[in-house]
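Take a look at this single chain in structure tokens; it is the form predicted alone.
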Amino acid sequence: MTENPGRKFVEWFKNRFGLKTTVLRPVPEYSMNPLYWLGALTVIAFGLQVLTGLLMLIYYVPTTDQAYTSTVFIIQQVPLGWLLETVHLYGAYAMILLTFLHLFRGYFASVQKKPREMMWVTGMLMGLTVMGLGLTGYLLPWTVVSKSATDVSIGMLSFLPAQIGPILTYLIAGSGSGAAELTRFFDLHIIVLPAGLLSLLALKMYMFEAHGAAEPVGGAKKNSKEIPWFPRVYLYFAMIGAIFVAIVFVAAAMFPLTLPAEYTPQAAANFVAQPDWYFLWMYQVLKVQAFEGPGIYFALGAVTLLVIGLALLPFIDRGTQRNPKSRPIYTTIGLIMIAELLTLTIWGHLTPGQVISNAQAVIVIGGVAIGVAVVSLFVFRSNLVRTKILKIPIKSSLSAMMLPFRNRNRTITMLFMIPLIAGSVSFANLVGSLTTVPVNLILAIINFAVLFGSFFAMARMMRSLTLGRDRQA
């Protein structure tokens, strides 16, 4: 049997560079599941950010008197500049959202267990770097929204201890002037943080090549067949990546960026400042009456301890069990964290600038935590997690999207683009028909039918690729 040419190149690369671990090692069959590829999709989002960011750098001028006007120029004068700006914004949002999803997927699957402790710590540092990219990039258009929100975030640093707060403030915002702040954020956004993220990514990939993908929580697929990267895993990843990029571009086309007004002190005085959505949950906590004034130290301390606790989770949770069904305490804590994040984010969006009374905070925050804990306790005590009541079967076409490629049918691979494009267009038309007044019900039904048919066709094509007749490949 002829050796895979892709594998030959990888082996040549490894030998010439003296690498001791396998480069792009074959992946186990069980990892051909979209949930295992959330981190890879985050890397795709980062690549999309780099590409669109470099194109915008051709026109963007990072000064307080030209940052806004150069952004307006990109949107209004550069061909497809509005799409470029919108894709960059939505790509950043997708990157942050995927980071949260990747975190909680890893948390519930206990991927931090031995020997992957340092992979988890590295991943947490990467997540914080992604949040830093979001914070620094948000300021660059120099709008009243972005500047006011950034000032709120920087203002939190003033409540840190005197030995730390001023130093961090200077490192992040410079001398305190608007020009220094913009320059410092620009440098952090395009040089320091991307370099840090790439370094951490290289470190994590090195460890991933050494340890491989974490086994399923059930442990029933330890002897799963290994699938070579070229061309089968690559083809699978390319399809998932194509769907992700298509979603970002469709969202950008449907909801183009609307640039707020330019920042001026006068405009900021009449604007209720709030951070962007990924920091809104933390800001909502700081708005609680008990955390006003000196009490803010307790709030920031609690948030800091939460982040440190997550980063050090591999050294805290030393048990051998990985299945969420066998870890009721950690599973319940994870569910409470998700519920609180969603609740605080939505609550903060609905109450801009409002101080939250202590009674409201206890009822909402405490009520959500108690409610989730009670439901979780009931589910675990009643053994519902061990019955078929909560097991959702994944049938035929959808389950095929979680399987590896076992043949090389290039015709189906090329035809995959047809339903991908048709589904993207129908999805855009569906949202457009539902948001117009009056609603065009017939058009909405037609677009929904095309969207459903496109998804079904893509799933069937992936099934044909994964379960084709060429079983010997």
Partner chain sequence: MKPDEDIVRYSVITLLATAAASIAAYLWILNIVSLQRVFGAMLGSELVIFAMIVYIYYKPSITAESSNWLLVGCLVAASFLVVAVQLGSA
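Positions refer to the first chain, counted from 1. The structure presented is a predicted model; accordingly, all values stated were derived computationally and were not measured.
Below, we turn to the form predicted together with the partner chain, even though it does not appear here.
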*In terms of non-hydrogen atoms within 4.5 angstroms, which of the given stretches 326-334, 242-250, 104-112, 343-351 touches the partner chain in the model of the complex?*
242-250
*Which one of P314, P260, G81, G178 is close to the partner chain in the model of the complex, taking close to mean a heavy atom within 4.5 Å?*
G81
*Just one of I172, L235, A267, L157 has a heavy atom within 4.5 Å of the partner chain in the model of the complex. Which one?*
L235
*Check M32, I75 and M254: does every one of them have a heavy atom within 4.5 Å of the partner chain in the model of the complex?*
yes
